[in-house]
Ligand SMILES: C[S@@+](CC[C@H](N)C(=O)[O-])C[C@H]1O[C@@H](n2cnc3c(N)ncnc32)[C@H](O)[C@@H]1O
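Before any questions on how it binds or moves, here is one chain, the form predicted alone, in structure tokens.
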């Protein structure tokens, strides 16, 4: 599998705009999800761990899942995450982990997943009954957020109602959204939602 983030990983954390985005999404998760010290959390599309780092001190364990080895290597180089975070570099839709989590969170990864239905179905398989989802991604936009277009981007954001329908179809309830952050760019403002749901 080609690592599309191999070059980007080197300076990923140095980008001020990206740090603000991660702080905004992480803050929304901390505010809206009841975390506790017995939780096993999956951070899907964990990247270099910008969201993981905000959640890890409050839970028992985080498994950081990504298909980019270089991004996960950057995550594991962070001293503050050692002993609290495991990494897994694989596609969990084709290679399930066989482990159920209390919470699956994700920040800005879903638009990189071609088959949204299959991914949400995989999330359901990887959650305990009553487990929670907290997925942050772009509201539907005109494609300007990734300008010029990036390889590996399959969706120009998501309509909230359509996204909620996908969650419902795969056995999630109590679905609700908040606006986690608004990315302000030269070409416009891009709201980012946090979708929360509970596995039936």
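Computed from a predicted model, the values in this text were never measured in an experiment. Numbering follows the first chain given and starts at 1.
Beyond the structure shown, there is the form predicted in complex with the named molecule, which is absent from this document and is the topic of what follows.
Shown alone, this chain has one stretch from 49-57, 27-35, 165-173, 127-135 that lies within 4.5 Å of the named molecule in the predicted bound form by heavy atoms: 49-57.
Contact annotation for the candidate site: 45, 91 and 108 all lie close to the named molecule in the predicted bound form (heavy atom within 4.5 Å). With the partner omitted from this view, the residue of 120, 81, 103, 113 that lies near the named molecule in the predicted bound form is 113 [heavy atom within 4.5 Å]. Residue contact with the named molecule in the predicted bound form: residue 68 places a heavy atom within 4.5 Å of it.
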